[in-house]
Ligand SMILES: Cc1ncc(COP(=O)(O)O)c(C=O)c1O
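Only one chain is included here, represented as structure tokens and corresponding to the form predicted alone.
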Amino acid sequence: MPEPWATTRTEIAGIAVAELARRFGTPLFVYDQAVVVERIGSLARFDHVRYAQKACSNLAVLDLMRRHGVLVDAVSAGEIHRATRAGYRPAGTPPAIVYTADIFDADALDQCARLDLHVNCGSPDMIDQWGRRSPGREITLRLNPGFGHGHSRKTNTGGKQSKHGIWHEQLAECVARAQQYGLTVAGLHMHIGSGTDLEHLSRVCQAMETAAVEAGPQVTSISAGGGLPVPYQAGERYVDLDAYYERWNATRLRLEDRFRHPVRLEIEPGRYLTAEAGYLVAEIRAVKRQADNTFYLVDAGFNNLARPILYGAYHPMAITPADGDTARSHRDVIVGGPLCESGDIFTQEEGGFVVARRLPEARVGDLLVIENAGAYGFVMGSNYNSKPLAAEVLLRSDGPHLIRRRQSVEELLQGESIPAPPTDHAAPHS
């Protein structure tokens, strides 16, 4: 994607933004299939690519991954259901579906046992629970190497303040614990957070090698986890994928030489595969002056895209003028949503500090396109303020396809009920 991003946009993948909004309404998530396929291809040197579906789990996206040879990770019973509905079958080597978590809830444990899924255990208690339920299986251990990395403190998944993974000093104890149930620790997984760079990667690779040697020669696979960086603004860069692969491959080769058997090398991206493919299209419904500030208020809020309010995340933005005028002057504006919440601002930094963005002059009826919204967008959506969930559209070479219709008001209220009036004529609680 060119940098800096254009602040006016009339098309997405050759299809008019205005036509997408007219046909499918707003707010609208749009995914460009070609970008996803390109990202998958960039990781072809790894033995296996396993998609962290929590990033964008629509069935059509999962089906696209499966048809391009990508395996899948599931972190809940619901994601297991999604994977199987999208055509993934649990059997096989390597396993098509891996359940990765720090706990089992009752439903997830039942699903893993019923489908005989491969489990990636992130806590010692998981080993006990899985061993009692399904002894004699192969498992993977997710390890916390004692350090982490992330573009935000909230996306750092390693170190002593992270809940994720088995603490590296407990590895030997956990291998012995697994053996009590006849479980074989056949794989190790390590993910320290988002935006991993080569400096941190070298530490991760060394930690993985040390852990694998300690775990023993029964280890037949290692996972690099995810965290591949995606540029959201000028000055940010992709990681050098050749150098990234070479560091992991060198680790794998040393383990193969030590163990005298092949060791599979997996990578587990989520955001990297889908973020840049996605756009959130919203309509500008008000242009307001508040003292020295100008606000563009749109019909999408943090109920649709929560990354700015959660992490202060930056997303490129562009205006689609309703009149087709792409030569408008620019101004500094604050972009916000419709929610009854002060934090409903798309142009904010971590800590909730509101900042202005340089965008073209806009009017009510113009469209705002929030870019790089294909990961942790719809999947983190909510019904806050009783707002229906947005629609999702997949753009293919044969045109746009609606892959999730907009939630109706009836669906919004589905499952709720009002209990019958009390029969004892007691005064109602205030």
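Residue numbers here begin at 1 and follow the sequence given. Here the structure is a predicted model, which is why all the values come from computation and not from measurement.
Beyond what is shown, the protein has a form predicted together with the named molecule; the following relates to that form.
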Which residue, P95, G122, G226, G278, is the contact with the named molecule in the predicted bound form, using a 4.5 Å heavy atom cutoff? G226
To verify the annotation, which of these, R307, R252, R142, H118, has a non-hydrogen atom within 4.5 Å of the named molecule in the predicted bound form? R142
Note: the named molecule not shown here; in the predicted bound form, the stretch from 64 to 72, 393 to 401, 29 to 37, 51 to 59 having heavy atoms within 4.5 Å of it is 51 to 59
Check S221 for me: does it contact the named molecule in the predicted bound form (non-hydrogen atoms, 4.5 angstroms)? no
Might E79 be said to contact the named molecule in the predicted bound form, defining contact as any heavy atom within 4.5 Å? no
Could you tell me if Y376 has a non-hydrogen atom within 4.5 Å of the named molecule in the predicted bound form? yes
Is it the case that H315, even though its partner is missing from this view, gets within 4.5 Å of the named molecule in the predicted bound form, heavy atoms only? no
Heavy atom within 4.5 Å of the named molecule in the predicted bound form - qualifying residues of 247 to 277: E268, P269, G270, R271
